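Okay, so we've got a single protein chain in two different forms coming up as structure tokens, structure 1 first and structure 2 after it.
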Structure 1
């Protein structure tokens, strides 16, 4: 399925081409979050993408890549010695790395151990000290870790943590170490995804996974409500109709539900606004841009479903974890999310995989994108950085190995088939190989994700000061979902004022 979709896309230059707001550097995130890293519908963009990717790689990864093209050693100005991005096999190196699977995931733990053993056959000089974690990042402990400078040599972050990590002075510049020599699939990684790990023309991290948001549905409830589970709603009008039909099943079932607490309400407001084609901030990044007809539409849709059409139930102040639990329990018809929630519901909450499908983001004008990556500690030695990159390349960035070794996942009983990660560029050999491998070992009903995969929506990154903005929008989201007398226009006007104050003070 993936091979066909992306293969065709690259043939005609349709879905698969990339559009960049500022494509020539590794920092193309425009203040209003309009770094568009995803798939564009116009054919002419394919060629543009390739040119831009080439230019970005040359300019960004850059100088070191060009330098290493002809020779493995090159004098680094100012250092007085020779420099090679490749780890010297004679050098003994020890690196610590977090986000290793914890004991509660025995299959993944064994895979990790096997990968370390395989890696050590290539790099016997590298010792990897893994830090197992049940959850790779919890924002509060993560912040405390940065403040205490207790991060591991190679440490896990979300894409959205970049500013926080850089402000904490925690990350090392790895620009000169990341080359086609050290990361052979580098040319296949979407430059814009790399850009999410870069700042000021410097690269600080390498991607682990990435996603775009869509609409996850409970296919069983869709069927029971007389709806077609192969056609997840793509407009908010359809969402309202389907949600009302599902809610009529009764027994505490809610057709649709949304977050409104712990800053997640603002996060979903943003996602829904992007879906309609809106943006959270203007081009300066210092002014709110959501108090528009599109912004009002987002809140009005939710208000109507909650208070008029009956598509949303009474339980509110929902935050991350609640929706997944509700859907795994068969009490929720649909909600917007990243595709990997299906993995979570299947693997952790023991939901029935065949019940879950995913469609594109309603509105289809844009989809909030996110993901995670690994950064390198500021105090890492050059050899530790080289060893870390070698490990990440082996574990995360090589098709057919590490996280992309789907046959092993299948044998181990892990879910295979989620359309994530999606950081390899459309038409690239890495993506072709990955899609083919994934299909061959799929354990999940990938046909359920057909609508999501075959209707790609342009990914859009989060706004600057995302969490502070989300906190403000939590108020508006909770208001329309809990207050029958909520005034959408008034709520948005107040949120705009508040966000402008927050942005002015940031």
Structure 2
């Protein structure tokens, strides 16, 4: 058996700050499937995005046996003998799962029902009890669910929930169930993404979506301001110049805007710091690392656009939803975000799809990555785990099916074309097939996203205790955007103290 090793990666920053590396070669595994591996660490950023991470392996994705398939995993379903990860179609089993589309999304709800029906043609004895949700996770109810052990058999989480889920003891180890037999596209999923669902050599979940952040622009405003919409700014100096030009259009138009409330300010501070090459926490995950020249630069960039160069308008204390509404109304030139904001502005806010483009994260030294996934309840039976994996593979992980059935999305009036999710590796058959299918059914102007797709930036995961850290940094973000006398150094020093307290108590 063989497993691919990826070399020259770093783990610079907080736990899970994944760096990417060039594929080196296939290496043999032991007869038991354990990968014989040595990691060469290097203190510089790698300059490719979708290439795999040695850190993913070092972080504990012990999938070599599953990925290769040992003799113990080749038993034909229903024939008895040694363990097989594959669900026998004759097995009668019921699973509950949350984050099904709610009634306010009739197209997605119908697709879910159609997919269940198609799935049941393969597995006629599996009953899927779906829990529709208008919002898949609220922090307080989610924590209460974990504490009360009231999860569904297959339950939805954000990537950043991993430690909370594992600490609660709620998750089942699914390592031996996830193989190329049960997830045929497994070999094409970035190891770094799988690592976000792994701990201590064990796999606990499977990805649903993921993203990296970039700069969303209003192409129409760029043209009116005499700027090239095919060249979104990639440095903060250029952001300031372009923002000032757009703001001069007047009529309440702001060239750039940023969050500063409801934890979103700290989230964007983190994203902008990553873009410059900084980190929020040190390598231990127990000490703040943002009170640096790079951290000061993040706040100074915003302060200068607000008070000196005129690129940011007077409306402040902005939270999620406000920026999207402003751009959909033609009042905002650009802001940083994940690509799916384009879907939201087009589908929900009825904005003009041709107006929106996206480029790489300014600074281009790192891009905040995030996403969501599904875990399996600790008390699930083996057959429930097998059934859950079979369903997730059908619905979420197979090009041309489920969430990747773009012709169906087009027929249903859903936007098609944004570069997300991003968990298939560059050059892999799954990504090639997915891109081809997406292009064939695109309803969005995919050419508008070319700069983002062609200039990938190294993804970096959110810091530990992200929401608590973001809440602290909201104060620094709001201060530089509302107070002309704000002192950047003092704001970061106080934030550093407060975040260190958060980390010490976590």
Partner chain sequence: MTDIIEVGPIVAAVPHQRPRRTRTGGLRRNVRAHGFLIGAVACFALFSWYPMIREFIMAFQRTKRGQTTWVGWTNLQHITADPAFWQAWRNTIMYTLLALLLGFAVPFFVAVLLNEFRHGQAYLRILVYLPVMLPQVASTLLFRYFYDPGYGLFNQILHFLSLPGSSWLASKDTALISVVLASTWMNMGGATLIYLAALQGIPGELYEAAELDGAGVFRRIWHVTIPQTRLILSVLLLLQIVATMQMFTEAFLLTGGSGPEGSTLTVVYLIYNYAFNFNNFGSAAALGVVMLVVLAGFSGVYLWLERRTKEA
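Just so it is clear, the structure is predicted and the values come from calculations on it, not from any experiment. Each form is matched to the other, and the largest set of C-alpha atoms that superpose within 1.5 Å is called the rigid core. Numbering follows the first chain given and starts at 1.
Note on provenance: structure 1 matches the form predicted together with the partner chain. A displacement of 2 angstroms or greater separates the C-alpha positions of residue 136 between structure 1 and structure 2, with the rigid core held in common. The Cα position of residue 201 differs by 2 Å or more between structure 1 and structure 2 after fitting on the rigid core. Once the cores line up, the CA of residue 225 ends up less than 2 angstroms apart between structure 1 and structure 2. Here the two forms are laid over each other by their core, and the C-alpha of residue 170 is off by 3.1 Å between structure 1 and structure 2.
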